[in-house]
Ligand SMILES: Cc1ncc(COP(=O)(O)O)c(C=O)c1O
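Consider the single chain below, provided in structure tokens and representing the form predicted on its own.
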Amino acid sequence: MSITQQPRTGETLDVDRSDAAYRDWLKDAVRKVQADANRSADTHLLRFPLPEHWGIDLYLKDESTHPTGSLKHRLARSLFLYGLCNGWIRPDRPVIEASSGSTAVSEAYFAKLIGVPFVAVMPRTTSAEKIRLIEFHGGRCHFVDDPRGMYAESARLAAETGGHYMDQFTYAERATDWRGNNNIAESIFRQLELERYPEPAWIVATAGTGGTSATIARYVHYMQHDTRICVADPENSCFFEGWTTGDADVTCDCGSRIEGIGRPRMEPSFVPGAIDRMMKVPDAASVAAVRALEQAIGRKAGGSTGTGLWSALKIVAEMVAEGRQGSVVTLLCDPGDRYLDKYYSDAWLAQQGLDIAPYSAAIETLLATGVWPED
């Protein structure tokens, strides 16, 4: 009987597409992904040193300690579980993702874990270390010249190969359980329970997909906390403009220099109404902030960490000026050793025309005096 036919009187239409071998594979794949979470300890909450008399504590949630070294490990795990449980990821068929790096590294890891091929569609400007890590985990890199073409090329490859286009930019906020279940927001609040200011005044996130800021903001509202959420946006990204104007169709013409964050369009996973504030951060300020972080705690971090840290420090300066005490939290998104040829290279800065000296001086002035220099 064709699917357009109607059942005759007394007849039942019954189509069974279940396959025992596939169901066995699916159960094993989900078990492996969940076991990865079960093996993983929570990530650390590091303190950035501030003068004690300010009465302000600044923390960085260190997501670089995940097995694949970045915040995106949480996202990749959620996306794989979402895709598997929806029946989208199938044995021997490739998973394809549009990613400038860290998400692709983490997704390559999970693809290898469950035994499916993985292809990352990315700009040619992606750092060499991220490319090496994707290939280390068994993934293949497919390059595009224009970052705006990543989406269409990923969809084309999925259609051509019969694979699944993961599409982190659409599904990031859907795949993550924002109500809890040890998500990043619940982890932050649990780790702050014994601190002197257990409910932070602000949490600062950055946006690539927008999924992390959506998860944190939704959790804060759901748990009825007074914490405010700020999203820091780099140059060559449209999130700030889209948020301030309310224009969901805003775009920009070139890709972000701060890998992993900043997008040429308003991504579906970015939830503007859930957040309280946005800051536009110059790329030179992001680099100055990660270099200041290394001086303060001896840790190198990626540029996206600098974007968030710069905004967090500006919020700290406002609190000092207003005589307010409390805590501020931002994210250490990934390690700096992936970017030694970029954010830690003076030659790269010169090539890009970035002068970090004024921004480094601003941070030094704040930490020495409690005063933020006039912009």
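This is a predicted model, so every value here is computed, not measured. Residues carry their position along the shown sequence, with the first being 1.
The form predicted in complex with the named molecule exists for this protein as well; it is not shown, and the discussion that follows is about that form.
The candidate spot formed by Leu71, Glu259 and Ser304 is fully in contact with the named molecule in the predicted complex: every one of the three has a heavy atom within 4.5 Å. In the predicted complex, the named molecule sits within 4.5 Å of a heavy atom belonging to Gly210. Heavy atoms of Tyr59 never reach within 4.5 Å of the named molecule in the predicted complex, leaving it off the interface.
Remark: Ser106 does not count among the residues lining the named molecule in the predicted complex, judged by a heavy atom distance of 4.5 Å or less. In the predicted complex, none of the heavy atoms of Ser286 sits within 4.5 Å of a heavy atom of the named molecule. Comparing 332 to 340, 345 to 353, 27 to 35, 50 to 58 against the named molecule in the predicted complex, the single stretch with non-hydrogen atoms within 4.5 angstroms of it is 332 to 340.
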